[in-house]
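Just the one chain here, the form predicted alone, laid out as structure tokens.
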Amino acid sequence: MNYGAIAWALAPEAILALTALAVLGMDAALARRWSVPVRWRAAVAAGVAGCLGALVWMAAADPPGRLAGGMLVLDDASRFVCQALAVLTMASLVLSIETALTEHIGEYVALMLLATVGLMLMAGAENMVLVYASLELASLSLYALAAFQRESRHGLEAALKYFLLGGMSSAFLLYGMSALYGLSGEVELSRMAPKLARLGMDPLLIVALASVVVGLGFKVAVVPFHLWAPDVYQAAPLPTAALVASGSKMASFYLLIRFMLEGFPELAGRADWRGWEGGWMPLLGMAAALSIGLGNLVALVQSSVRRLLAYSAIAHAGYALLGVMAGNAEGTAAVVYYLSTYALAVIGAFGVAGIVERNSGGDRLENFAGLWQRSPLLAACLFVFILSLAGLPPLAGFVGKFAVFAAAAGAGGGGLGLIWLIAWALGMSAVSLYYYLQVLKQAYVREAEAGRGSSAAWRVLPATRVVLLGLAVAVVLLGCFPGGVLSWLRAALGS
């Protein structure tokens, strides 16, 4: 085993880990000398510098491929996911300056960086031991980040629910992976797959497969494993909620794809119209249908924008499952592109919601009234983010959703295939327009209510403006010129 090659390949994660330690030391040394706002800016600047260093390293070095006997697979596709995670972490860090949510600044920024390290390792892990270790590193960091506002009773309740349900899902996942090892004698997914295929639908294998789906279903927040998401999205500190909604979902979906397509390729089964066969396809099909329906219908009655984004995220997880069910490189490329564009839009929407919450005292729909008059830039960015989440052209959300639906429609063995699920998703997408447009109606049509802040009170830091504007521009460009990214992803995953 070439430990030098492994260390070289994991340099981006090492940069982030060392940056986390440096932030802790810097904040501890300067805590008594500098004010809280200055400490926030310094810690965030150091965290962003670490993320930029990791990005530069990943851009300059060629992906090494398979390492440590298949324990790590750092190819072009996983490298793309890691680069996206670094960008999303930088955006979340910059948004945290606006909140200044705690005096324990070094700990907060360090935990965000360590969570990103875990998420990046998840993207390249093919060994079940490394999968579990990286997933727990990310999860434990996010649990702590969700509980940072100790004065908020709702925040602590959400963090406790996140921790308890997350621990239960980890137990399911660990049990499933233990059973898979017992059945196959392997811990690498690629080596495990042919041995499991020879077993057929063994009863213990069915239990193991269901346990893995339960464990990973929690991480991606699909029904019925979604109960933690609305509370965490609404009550957790805004940067934490933004990272959970964007980076955590993207890395967890990529891990789900790797498990299903590399670990259980012969156990997919079928979820075609009137043609179901046992396997993971029917499980994901039912989860997708329930997530799309419940997420969109419950979002209709939400008055909190953060909670609305939570139920919207559940629906988007259902859409993304269609690409997983395609079971091929085109479907995987569509899911990665879709989740990348979704992450950019949702983190931007959270950023605008955080500024509105800070200036008006809440995140209810009426708090967004008159946003166009108070801050035209924020309103314009919100317009782009919301319409992309709704899947309207020519924005990136439309292209991503179309690519996922097209991949699902092209998969299957004839007949109607997954058309029943695509039709259901299209119908619910039309329903989602109502609650998305309700947010824009408040921002552009309703007049600002008295007592909710004046135009002079809407102060936005220059760094936050740059990040929100950059996210909006990226959403527009990826929607207008998607061909290059999608073609590159298909080629990378196909190889």
Partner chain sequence: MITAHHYLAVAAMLFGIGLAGALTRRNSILVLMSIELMLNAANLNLVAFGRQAGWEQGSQAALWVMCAIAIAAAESGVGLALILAIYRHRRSAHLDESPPLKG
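Positions refer to the first chain, counted from 1. All values reported here derive from a predicted model rather than from experimental measurement.
Beyond the structure shown, there is the form predicted together with its partner chain, which is absent from this document and is the topic of what follows.
*Asks:* Does any heavy atom of H154 come within 4.5 Å of a heavy atom of its partner chain in the predicted bound form?
*Replies:* H154 belongs to the contact set for its partner chain.
*Asks:* Looking at the partner-bound form in the predicted bound form, is D231 within 4.5 Å of its partner chain by any heavy atom?
*Replies:* Contact with its partner chain, yes.
*Asks:* In the predicted bound form, is there a heavy atom of its partner chain that lies within 4.5 Å of any heavy atom of L199, even though the partner is absent here?
*Replies:* No, L199 sits far enough from its partner chain in the predicted bound form that none of its heavy atoms falls within 4.5 Å.
*Asks:* Would you please decide whether Y311 lies within 4.5 angstroms of its partner chain in the predicted bound form, comparing each non-hydrogen atom pair?
*Replies:* The answer is yes: Y311 has a heavy atom within 4.5 Å of its partner chain.
*Asks:* Where does its partner chain sit in the predicted bound form: which of 154-162, 89-97, 354-362, 381-389, heavy atoms within 4.5 Å?
*Replies:* Correct option: 154-162.
*Asks:* Among S78, N367, S375, S170, which has any heavy atom within 4.5 Å of its partner chain in the predicted bound form?
*Replies:* Comparing distances to its partner chain in the predicted bound form, the residue within 4.5 Å is S170.
*Asks:* Which residue, F402, W276, Y175, W420, is the contact with its partner chain in the predicted bound form, using a 4.5 Å heavy atom cutoff?
*Replies:* Going through each option in turn, the one that passes is Y175.
*Asks:* Listed by sequence position, which residues of 280-307 have a non-hydrogen atom within 4.5 angstroms of its partner chain in the predicted bound form?
*Replies:* Read in sequence order, the lone residue that approaches its partner chain (within 4.5 Å, in the predicted bound form) is R307.
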